[in-house]
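The chain below stands alone and is given as structure tokens, in the form predicted on its own.
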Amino acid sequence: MIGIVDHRMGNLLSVFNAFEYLGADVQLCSDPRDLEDAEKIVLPGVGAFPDCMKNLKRLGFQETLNRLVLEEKRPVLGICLGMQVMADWGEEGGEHRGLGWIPGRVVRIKPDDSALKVPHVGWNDVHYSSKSPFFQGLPQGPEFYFVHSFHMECTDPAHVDAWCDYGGKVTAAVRRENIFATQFHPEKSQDYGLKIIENFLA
């Protein structure tokens, strides 16, 4: 079973539908106990970093996720805000501690071209590591759909699995052991996005 974390801040229906379309046994998990039977976990998110972390703590997900992901090494896919809260710290609305799964900070995008607006909204080419199992079967420079004002700056560049150019390098995906996450929305990125999800399922 694929467990989607319902922490009240995510585009859950479209994520659920994308996994179901690919034939996955998927469940929305509004209680941390629902994740116990999940072979893989999806952590989506739309909104602000501090609100997401508050909800994960308030609903009891943080402790369960840390155990399942860090100790039991269950595969996890983070999407958008779900990727950002995997960092050590986030600078949105002040200084806030994240889950600490990927060493680094989430900072505001600052394009070096004044014509580029923030938030970064729309389709953008992504450049990925040829060693990444999650981009296998895709051409170089595939387009994915983004909606965000902040991105992750990883302490270790080896954790950056993909990036895009938006007036400078913007982290598009990260990977560390059993942890994989995308800043873009695979569930909104048509065939290429479905391929990402398919690779995660495999």
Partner chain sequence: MLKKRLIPKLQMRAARFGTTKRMVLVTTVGFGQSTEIGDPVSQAKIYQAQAADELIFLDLDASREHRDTLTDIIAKAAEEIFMPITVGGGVRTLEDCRRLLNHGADKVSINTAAVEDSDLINMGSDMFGAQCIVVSIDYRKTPDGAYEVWTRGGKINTKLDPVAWAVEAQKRGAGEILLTSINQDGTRRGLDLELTAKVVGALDIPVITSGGCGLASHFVDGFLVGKAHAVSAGTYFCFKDENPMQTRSRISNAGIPIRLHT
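All of these numbers come straight from a predicted model, not from anything done at the bench. Positions refer to the first chain, counted from 1.
A second form of this protein, the form predicted together with its partner chain, is not displayed here; the remarks below concern that form.
- With the partner removed from view, the residue among F150, F135, F49, Y166 that has a non-hydrogen atom within 4.5 Å of its partner chain in the predicted bound form turns out to be Y166.
- Each of N17, K117 and Y192 places at least one heavy atom within 4.5 Å of its partner chain in the predicted bound form.
- Under a 4.5 angstroms non-hydrogen atom cutoff, its partner chain in the predicted bound form has E143 among its neighbouring residues.
- Contact check for E95: every heavy atom lies farther than 4.5 Å from its partner chain in the predicted bound form.
- Taking the partner from elsewhere, E71 is found to have every heavy atom lying beyond 4.5 Å of its partner chain in the predicted bound form.
- At the 4.5 Å threshold, heavy atoms of D125 reach its partner chain in the predicted bound form.
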